[in-house]
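Single chain ahead, by itself, as structure tokens, in the form predicted alone.
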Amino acid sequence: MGRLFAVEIVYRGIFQKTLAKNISRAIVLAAHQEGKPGISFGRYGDSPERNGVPAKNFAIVATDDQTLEEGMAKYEPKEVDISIAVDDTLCKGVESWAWYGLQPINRLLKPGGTLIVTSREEPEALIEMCHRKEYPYQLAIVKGIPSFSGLWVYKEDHSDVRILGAIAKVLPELFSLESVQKAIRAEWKDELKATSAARSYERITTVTVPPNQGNPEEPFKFELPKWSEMREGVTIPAIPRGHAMENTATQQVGGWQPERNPTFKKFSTRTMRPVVDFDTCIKCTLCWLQCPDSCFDVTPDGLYDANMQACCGCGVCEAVCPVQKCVTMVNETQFRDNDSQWEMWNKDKEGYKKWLLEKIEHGPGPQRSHGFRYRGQYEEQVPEMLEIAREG
């Protein structure tokens, strides 16, 4: 048997589908330039995709046909040489349609394998978000904002070829830069994209992440019932209605906190999250009424606290709020937990105000897209991405 290479591309469903497809296909085309057979495919378990929900594409390449057949016999790779996260917020962990519970972004990486992330953050910030592994792995950052090249809108921003150039540098056994450029010229017929791949190849560097670095928390998980434990008939247990909330500082009881699904969470779909200025809230109810996922809890004092386990980061609450900067969408990379903002404000109002202003000041950039507000939003990001491709 020869050598089998496996690469996974983790992306946000719908928003980055075309981008992931282009990367996985081009990996195989570049390998073909060196006589290596391969196959590119999306995981069936991620279909149908949903907006923002993590999904995967795979590229499997081998040194000979027999080894490739052996690799293709598996539903999906059990370990990979490279994991690619085309959005840095995926480093916090992902929950897909194809598995149950939160999975680390680096879960499938072989010892010494490489995690390639599209981000403008420094390695230290991304390492802090990634869950720890039992053995060292490599981290490489392709500088840039997330590319939302989805089903309906495709941005020609060179994110795809820049990632291909990075792959050639971190795993030269898979293919060379020359093979990547040949594949780009044949597929896209664009010399500038071939140049972008070369620049990425020259600029990319890796850092070693030892076992003692990263998020030490155990990812959320649960066990599905076995067939012998399922009840007779077709039944779906209802979620309880909910209960009143308690203000732990004053013991005041009131408001309403709905119960939510105890197993399936939504926070891994989020690239932004709302932060709320409770001091300026006028209790108009609009965020609570318009939230598509009913993620706002009604507090005993009539305020509205976004439940960060249930929030998918769509930005509707910010859009409907009539008070300027009462609800602000902030880059998800600025946060390390899903704790209640209302409880934080309740315990220390001055401290919360300082925290709030800090998040708003440092959190929004780079600009994140949280919904299809207008087509031009995607097109306007292209010049910035091309500038990054040229200048780094």
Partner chain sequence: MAQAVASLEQQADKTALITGSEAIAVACKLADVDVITAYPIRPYDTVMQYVAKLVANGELDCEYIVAESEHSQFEIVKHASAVGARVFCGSSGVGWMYAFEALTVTPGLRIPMVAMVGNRALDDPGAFGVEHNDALAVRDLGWQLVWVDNPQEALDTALIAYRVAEDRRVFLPCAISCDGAFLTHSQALVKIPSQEKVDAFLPPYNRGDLLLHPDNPITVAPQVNEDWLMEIRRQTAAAMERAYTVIREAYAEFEQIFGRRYGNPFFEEYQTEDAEIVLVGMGTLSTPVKVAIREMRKEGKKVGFVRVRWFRPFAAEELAKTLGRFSAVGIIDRDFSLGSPYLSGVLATEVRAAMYPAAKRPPMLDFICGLGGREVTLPDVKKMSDIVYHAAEGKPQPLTQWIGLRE
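Each form is matched to the other, and the largest set of C-alpha atoms that superpose within 1.5 Å is called the rigid core. What you are looking at is a predicted structure, and each value in this text was computed from that prediction instead of being measured. Residue numbers count along the first chain shown, from 1.
The protein also exists as the form predicted in complex with its partner chain; that form is not presented, and the subsequent description refers to it.
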{"property": "Segment assignment from 125-133, 99-107, 164-172, 141-149: heavy atom within 4.5 Å of its partner chain in the predicted bound form", "result": "99-107"}
{"property": "Site test, P225, E232 and R241 vs its partner chain in the predicted bound form, non-hydrogen atom cutoff 4.5 Å", "result": "yes"}
{"property": "Exercise: P237 in contact with its partner chain in the predicted bound form, heavy atom 4.5 Å", "result": "yes"}
{"property": "Proximity of R43 to its partner chain in the predicted bound form, heavy atoms at 4.5 Å", "result": "yes"}
{"property": "Partner proximity in the predicted bound form: Y75 to its partner chain, non-hydrogen atom cutoff 4.5 Å", "result": "yes"}
{"property": "Displaced residue check between the shown form and the other one: L224, CA, 2 Å or over, core reference", "result": "yes"}
{"property": "Core-aligned C-alpha movement of S47 between the shown form and the other one reaching 2 Å", "result": "yes"}
{"property": "Distance direction in the predicted bound form for the C-alpha atoms of W99 and S294, relative to the displayed form (3 angstroms or more)", "result": "closer"}
{"property": "Relative Cα spacing, S294 and L224, in the predicted bound form - shift of 3 Å or more", "result": "farther"}
